[in-house]
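Below you'll find only one chain, the form predicted alone, shown as structure tokens.
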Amino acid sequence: MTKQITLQEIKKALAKDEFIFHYQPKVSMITGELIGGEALIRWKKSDGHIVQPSEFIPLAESSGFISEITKTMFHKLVIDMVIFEDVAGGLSISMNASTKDFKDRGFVDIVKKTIVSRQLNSNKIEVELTESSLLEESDIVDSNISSLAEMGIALTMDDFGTGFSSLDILSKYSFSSLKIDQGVVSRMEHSDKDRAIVESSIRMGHQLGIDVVAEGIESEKVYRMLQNFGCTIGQGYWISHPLSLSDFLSLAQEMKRWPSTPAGLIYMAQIDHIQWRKLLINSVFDIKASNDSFQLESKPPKCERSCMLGKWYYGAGKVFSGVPQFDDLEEPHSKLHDLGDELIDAAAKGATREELVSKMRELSRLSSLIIRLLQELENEIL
């Protein structure tokens, strides 16, 4: 029977500097590159024995001592990140923060002072928050979260898909990414419901313009499924177990590549375009029915660079520059937006239904061309 750990032992371990970080790699599922890692606390005793977090974190949290551990470990994280910057610049590292941390007024002060004193680039640090950290609304919690965001520290919503109020919390704070819970990810291979939850979560993250991290990837099949859904970042034992600092740095220097494909994002681009087109048509008929273009609750983005397809084309999609199907997208996409403006204006000026339908036929032709080019691009990449 395993001896139960006491709070006094945890306090002694912190005083003796026995807590360390192991780093679990995160990879881009688009390029296959190592892009960062998650800092996971481990207790390494003097005899070399590693105590797993499940054996001491619950007690540390329930007692409130977790805040002292977080503050101390943040200093260690920053020191390690200076090494990352020297050896493998560009990697982002995330660290978990508990409910107690965000209720502590001194937490953000320590983060800020440590970053400034080490002259560290704050946008390379991510803080992962669970839903439970945010359920108890308070001025202190809101203020601490806002302060971190103002410093340029990215916020990740952890364990997404497990709580009943995740959507409400996601809409309230400025998250840079959401992490789909490993339980949902691990079940998606054999569960239609879990697969639908994962796919819809990825789609929602895409529409919000934030990255989606899938944790708990334990097979290549699941990894490939997530890629096809358009997931951008992956983490799990199939990619790599958590590593010591030296092993993590060795992995970064190896320049290892995991399977990569942007096909999922091309599929997303097709859906983005169809949604824009539907919103445009609905707007035209709303104007026609009300004869007041200013009564519309939502309008499709006019500029070809501001719609979701345009953001992809002039952003992440540029990796396909030189591929004929990609290059050929620009002209019809630009014409499509010009025609969309004409349709909105014509409807507002009282054009007949027949006149509007004539323009819609041309819109449909351009839309079909764009979808065909995207599908051909997808086939070319696959």
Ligand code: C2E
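Counting begins at 1, following the sequence as shown. What you see is a predicted model; the values in this text were computed from it and never measured.
Keep in mind the form predicted in complex with the ligand is missing from the figure; the text below concerns it.
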{"item": "Partner contact for Glu61 in the model of the complex: the ligand, 4.5 angstroms, heavy atom", "value": "yes"}
{"item": "Any non-hydrogen atom of Ile115 within 4.5 angstroms of the ligand in the model of the complex", "value": "no"}
{"item": "The ligand contact at Pro332 in the model of the complex, heavy atom, 4.5 Å", "value": "no"}
{"item": "Contact test in the model of the complex: Ile30 vs the ligand, heavy atoms, 4.5 Å", "value": "no"}
{"item": "Site test, Thr156, Leu265 and Gly317 vs the ligand in the model of the complex, non-hydrogen atom cutoff 4.5 Å", "value": "no"}
{"item": "Listed residue (Ile35, Ala351, Leu40, Ile344) with a non-hydrogen atom within 4.5 angstroms of the ligand in the model of the complex", "value": "Leu40"}
{"item": "Per-stretch contact check against the ligand in the model of the complex, the hit in 217 to 225, 252 to 260, 141 to 149, 302 to 310 (non-hydrogen atom, 4.5 angstroms)", "value": "217 to 225"}
{"item": "Neighbours of the ligand in the model of the complex among 19 to 38 [non-hydrogen atom within 4.5 angstroms]", "value": "Phe21, Gln24, Glu38"}
